[in-house]
Structure formats: C-alpha cells, structure tokens
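The chain below stands alone and is given as structure tokens, in the form predicted alone.
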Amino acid sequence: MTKIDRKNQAQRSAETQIKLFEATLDSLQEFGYRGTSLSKIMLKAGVSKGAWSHHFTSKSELVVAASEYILNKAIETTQDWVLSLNSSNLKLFDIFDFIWNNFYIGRHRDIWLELNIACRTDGNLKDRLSPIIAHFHKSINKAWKSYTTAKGYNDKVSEHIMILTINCFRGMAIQSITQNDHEYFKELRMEWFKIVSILLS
C-alpha cells in the first residue's frame, strides 16, 4: 500500500468514525440511552455492521467515544471563544449566557442528561465518562479564571461561584425540558447574575 493509499484509508476511517459519533449523539437525543441501539446508530450513520465493528466492539464503547467527541468540540468552542475576547472587557453576564446557550439547552443538554441518567446504574459507563466530563469542566473553569484574574477577584471565592453557577444551570436545564420558557430562564439567570455580582464585589 502506498503512502497516498494509507492517507486515503485513514481519512475514510476518520470520516466513518465521525458519522458514527454524530449518529450516536442524534440517537441519544431522539431515543434516549436505553432506546439507542447499534442498529439505529448504523442506520442513521449509513454505515454497515462490518464497518462499525472495524472501529468499535460495543454500544458502550461507541457512546464513550461519541461523548468524548462532543465534549472535545465543546472545549474547542470554549477555547476559541476565550481567545476571541479581551478578558478585561468581558462582562459577567456574557459568560453566563455563553455557558447556558452552548451547553444547557437543546442537543447538548439532552445528550448530557441521558448520559448522566445512564451513569447512575451503569458503573462502567460512569468510570469511562467521568474523566472526560472532568476535562470539559476544567476548560470552563479556565475561561472563568481568565475573567476573574483580569478583574482581580479572589480565586477561592470565584471558584466556588462558578461551581454553584454550573449546578444552578444544570437544575434549570432539567426544568426547561418540561417548562420551555426562554424568557423565564433568562430572568432567573439575570437574578443569579445580580447575586454573583454582589458576592464578587
């Protein structure tokens, strides 16, 4: 096999994996973790069983890989956003809006919720996903620290506030599934913004 052939093969392999990742994520959103099957994933991806088995050995392995894929994309989104901003001019509510709009509504929220519910009873999935999710949170904390350092806020207080903010948003994200009211949750985020502003100052 020539160098070009190997390159083309590697490219096709990468493209197949991305198709499988996207199909897995779509299935998690549409059918939930329990309702997601390999047959549904392969059908959505347009990938044969032989092509699938060339890359993965189980649904759990594919879900973990797809989770790493979406969280790495989220980390890239966060890093690109931070690099595009001047931290000294960054507004606190801008950070809250960025986190909410990118990670706690729509597809990302639905997938995150399905995976967390699955991890409650699937110890193996939990063990494999925990370090991936921790890496994602680390990237969020880095963006937050970029802001708080520029503003001269206390590191420990700022860290606790971000942890509280993430947990607050998670609760709202779950509630937003049955209460789809954009303005209501924006008001709640604004109230939390006012509280945090007082705490930081």
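Owing to the predicted nature of the structure, the values given are computational and were not obtained by experimental measurement. The first residue of the shown sequence is 1; numbering continues from there.
The same protein also exists as the form predicted together with another copy of the chain; that form is not shown, yet it is the one meant from here on.
The partner is not drawn, yet in the model of the complex one stretch among 142 to 150, 65 to 73, 160 to 168, 52 to 60 has residues with heavy atoms inside 4.5 Å of another copy of the chain: 160 to 168.
Not one of L43, N101 and I132 places a heavy atom within 4.5 Å of another copy of the chain in the model of the complex. In the model of the complex, another copy of the chain lies farther than 4.5 Å from every heavy atom of H108. Taking non-hydrogen atoms only, N124 never approaches another copy of the chain to within 4.5 angstroms in the model of the complex. Put simply, K91 is far from another copy of the chain in the model of the complex: not one heavy atom of it is within 4.5 Å.
Although the partner is absent here, L200 is not a contact residue: none of its heavy atoms lies within 4.5 angstroms of another copy of the chain in the model of the complex. For the stretch 166 to 193, the set of residues having any non-hydrogen atom within 4.5 angstroms of another copy of the chain in the model of the complex comprises N167, C168, R170, G171, M172, I174, Q175, I177, T178, Y184, L188, E191, W192, in sequence order.
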